[in-house]
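Read the single chain below, which is given as structure tokens and is the form predicted alone.
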Amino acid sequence: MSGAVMWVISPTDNGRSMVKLKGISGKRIRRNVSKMKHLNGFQVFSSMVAHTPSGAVFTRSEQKVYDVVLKQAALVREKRISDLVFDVKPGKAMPASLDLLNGAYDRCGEVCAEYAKTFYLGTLLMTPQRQRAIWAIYVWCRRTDELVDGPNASHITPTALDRWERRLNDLFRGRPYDMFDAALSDTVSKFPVDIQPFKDMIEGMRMDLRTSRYKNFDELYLYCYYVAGTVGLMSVPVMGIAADSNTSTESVYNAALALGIANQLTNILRDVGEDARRGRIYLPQDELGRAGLSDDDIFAGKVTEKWRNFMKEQIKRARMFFDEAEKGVVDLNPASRWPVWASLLIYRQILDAIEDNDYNNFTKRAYVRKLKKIASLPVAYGKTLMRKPRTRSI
């Protein structure tokens, strides 16, 4: 089950959302093996996401993700130091080319409006440059997700994903294949967006082709980063960080990453029955075992007391990631906060719906009713206005 969930994308009710380090300032990052906190026997990373205080230690997956976070944060920090604001580079295209490019961006907006209505509405508050760039990123993520989760998924091979990655390399070099590629190619030329999260999302699609079980949360965390956390890393440079925020760039990226992880964990918990019917189980095998459950129990689809207790802990962990994500929204550019708040508030209500269904995610689909979605929008907008960023020194 892949699901490229934007740091900002709102879910639809009938489908899935929508997916080496060079040291900063010459400092070498210390690598260690992680210690874990346990939530009634369920692993929760000591840092929750890729954030690390001095002396913290990591699991292998956390370290891999943290390396990417540091690299992305460095790019944005350098941009802020040089520009102090997220101004885009002036376009140099000829008028005819500009018309084609504008048409490409408009088409990206139409796709976004069709498949992510709530998110699209939120983007309308952004500046035109940011708005169009986010649409272009959304469309690329959706197309990537469709490779393994769309109507032609049964025909997709690792070779096809290799070709998609070569195409990604070309568009980052300014050689787009089609209009959607052209929009993204223009976006990455104007904003400090790095290619690594895009490559990592493709790696997540490869995992979907070869993996149907995850031994522990460390493996599942890496998968969630690949297919969803990456989108937050792609989006932060476009959304922008508030000029007077005093939070570190890494912390803002950690919050974006946490929202992606939270959304993907929510997808997994919502779609247990659907995935089981496809022969897939996206739940940590070791945690199932400790709860007295097995794959056979998942395939049987019976809600038992053991299952309820297991689900309660899984939902608790997803909510912890949502809580971590909330800490970073205030530090985004004010015009970018509303779609993020709307996504966060709406998506976490899916967890409430699972509970309302008595943890029956085998035969009942948990979703947020349209009226609840609509009611969440003014609440999200109120949070956008009320939470003021603090003074920040670069």
Ligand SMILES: CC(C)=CCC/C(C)=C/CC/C(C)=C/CC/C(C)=C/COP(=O)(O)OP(=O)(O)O
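What you see is a predicted model; the values in this text were computed from it and never measured. Note that residue numbering follows the sequence shown and begins at 1.
Another form exists, predicted in complex with this ligand; not displayed. Remarks below refer to it.
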May I ask you to decide between open and blocked for this site, after superimposing the site C-alphas so that this ligand adopts its pose in the predicted complex, counting ligand atoms within 2.4 Å of backbone or C-beta atoms with 3 as the threshold? blocked
Identify, from the list Q131, N267, T118, Q314, the residue with a heavy atom within 4.5 Å of this ligand in the predicted complex. N267
Which residue, M239, L222, A183, L283, has a heavy atom that falls within 4.5 Å of this ligand in the predicted complex? M239
Can all three of V272, R319 and L351 be found with a heavy atom no more than 4.5 Å from this ligand in the predicted complex? no
Flag V188 as yes or no: does it have a non-hydrogen atom within 4.5 angstroms of any non-hydrogen atom of this ligand in the predicted complex? no
I'd like to check something about V65: if you look in the predicted complex, is any of its heavy atoms closer than or equal to 4.5 Å to a heavy atom of this ligand? no
I'd like to know whether Y347 contacts this ligand in the predicted complex, with contact meaning heavy atoms within 4.5 angstroms. yes
So, V69 and this ligand: in the predicted complex, are they within 4.5 Å at any heavy atom pair? no
At 4.5 Å between heavy atoms, only one of the stretches 305-313, 152-160, 166-174, 258-266 reaches this ligand in the predicted complex; which one is it? 258-266
Under the 4.5 Å heavy atom criterion, name the residues of 167-187 that approach this ligand in the predicted complex, in sequence order. none
